[in-house]
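First, one chain by itself in structure tokens, the form predicted alone.
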């Protein structure tokens, strides 16, 4: 059974299309691509890592989501509201889309436009989940939605959906240590 599962994972990773204009080297720790229509930036994990580990005086709220994830879509307005309500309080929201690259043009970009998403959105396009999921948080199963809230050395990880009140309460703990 274990061998069948490993074969299945290999087939899935082997079928993944490489992004257009992706560097051919193994070290792709840069932005892989940008959609000129809305400035959508696409990163591998090495390129995303600096965006989710900023060491400044800002409270960073990083939400991992996808358009195919119903709980993600349900909570997305709360992140947008948080972004608007707390912008003057030195809080930044980053939405990391885990949508499939072949769906960016047909699903993700139309969704962002239709819903007038104002928070910064980037895409994570990296097939090596066994590397980046535990690197983001060792307790993360990889399920969505997932959120990191951090400022400096203080960091909290959540593998759950939020209401606006819950999200606001967590951010308040960073504002009032």
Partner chain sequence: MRNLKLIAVFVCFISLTAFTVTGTAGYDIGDIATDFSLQNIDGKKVSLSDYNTAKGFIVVFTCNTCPYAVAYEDRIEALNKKYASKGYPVIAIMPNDTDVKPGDNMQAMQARAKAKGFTFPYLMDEGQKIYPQYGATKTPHVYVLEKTTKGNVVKYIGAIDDNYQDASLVKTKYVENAVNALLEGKEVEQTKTRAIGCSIKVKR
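Quick caveat, the model's predicted, so the values are computed rather than measured. Positions refer to the first chain, counted from 1.
In what follows, reference is made to the form predicted in complex with its partner chain, a form of this protein that is not presented.
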Among 111 to 119, 45 to 53, 62 to 70, 147 to 155, the stretch whose residues bring a heavy atom within 4.5 Å of its partner chain in the predicted complex is 62 to 70
In the predicted complex, residue 169 touching its partner chain (heavy atom, 4.5 Å): no
Give a yes/no on whether residue 98 approaches its partner chain to within 4.5 Å in the predicted complex, heavy atoms considered. yes
Can you work out whether residue 133 and its partner chain are in contact in the predicted complex, taking contact to mean some heavy atom pair no more than 4.5 Å apart? yes
Classify residue 127 as contacting or not contacting its partner chain in the predicted complex by the rule of any non-hydrogen atom within 4.5 angstroms, answering yes or no. yes
